[in-house]
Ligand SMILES: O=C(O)CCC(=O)C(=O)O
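In the form predicted alone, a lone chain appears below as structure tokens.
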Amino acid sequence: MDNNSQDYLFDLQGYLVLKNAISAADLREMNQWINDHESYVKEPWSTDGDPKKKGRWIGHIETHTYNEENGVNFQSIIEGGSVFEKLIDHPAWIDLVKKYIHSSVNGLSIHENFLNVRGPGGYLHIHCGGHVPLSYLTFRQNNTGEWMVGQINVLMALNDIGDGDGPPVLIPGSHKCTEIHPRLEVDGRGLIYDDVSGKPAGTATAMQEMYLKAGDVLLFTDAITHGAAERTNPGYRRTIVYRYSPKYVRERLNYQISEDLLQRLTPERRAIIEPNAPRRPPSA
């Protein structure tokens, strides 16, 4: 697809699908990492508390969830090895991310990065939309080529995601819609996240299921109304999400990057992971 067509579709729809973005060799390595840590999928939480607060750790990676039906997030997955580090500035999407966030002016950071494994019955609730007044849900294009997108999600499929696999769902164009989605409206007020109905996002009005092959990437503005359908098939859906923002948006869960990783990163990757380097007095 030529650049003009790509930009038009992203502006119009709020998303792009990048086919075969990740190599077969990298897919094998990432899936093997999951296989090697299968026990953390089956028993991700400490036994004595809230799973949102009591995740188990694998070095600098924490098992985590926002809601138990979301599955297991391996947060700060960039600490998992070189195959995850190369995703920071992967050539299949980094130039698009830089363009749409307008990194030459806004800089670039990763707001959140995690590997998600979700089994039968798992799903996401519907969330976001053009009605939400959050800075990182900004979406602007002024016809001069100067974009300003407050956050771009890069969702990577590590295995095929089709009907019944709990596919990501979204409403094309909803990033520009100021009307509140019926499921996100309560007493005339627009919610950011549907924590009222308890229903999977795939059952919401106008949702479109996005089917992906292993290695495909769904790139979308976080402002679009989205979520995930319920997984009804056996087995697990495996995805990775890197969420890119201007450098002024801090890391979501405030994970401190290990010194070992910082030393390994290329200057280009370190500038994304640590865009605002700590400033200390000379004696510190």
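For clarity, every value in this text was computed on a predicted model and none was experimentally measured. So that there is no doubt, residue numbering starts at 1 and follows the sequence shown.
Another form exists, predicted in complex with the named molecule; not displayed. Remarks below refer to it.
Participant: Out of 75, 153, 103, 109, which one falls within 4.5 Å of the named molecule in the predicted bound form, going by heavy atoms?
Facilitator: Selected option: 153.
Participant: Can you work out which of 247, 56, 243, 60 has a heavy atom no more than 4.5 Å from the named molecule in the predicted bound form?
Facilitator: Checking each option against the named molecule in the predicted bound form, the one that comes within 4.5 Å is 243.
Participant: Using a 4.5 Å heavy atom cut-off, indicate which stretch of 255-263, 224-232, 24-32, 37-45 touches the named molecule in the predicted bound form.
Facilitator: Of the options, only 224-232 has residues within 4.5 Å of the partner.
Participant: Mark residue 237 yes when one of its heavy atoms lies within 4.5 Å of a heavy atom of the named molecule in the predicted bound form, and no otherwise.
Facilitator: Residue-level check for residue 237: yes, a contact with the named molecule.
Participant: I'd like to know whether residue 115 contacts the named molecule in the predicted bound form, with contact meaning heavy atoms within 4.5 angstroms.
Facilitator: The answer is no: residue 115 has no heavy atom within 4.5 Å of the named molecule.
Participant: Is residue 97 close enough to touch the named molecule in the predicted bound form, meaning at least one heavy atom pair within 4.5 Å?
Facilitator: No.
Participant: Residue-level contact is defined here as any heavy atom of the residue lying within 4.5 Å of the named molecule in the predicted bound form; does residue 124 satisfy this criterion?
Facilitator: Residue 124 belongs to the contact set for the named molecule.
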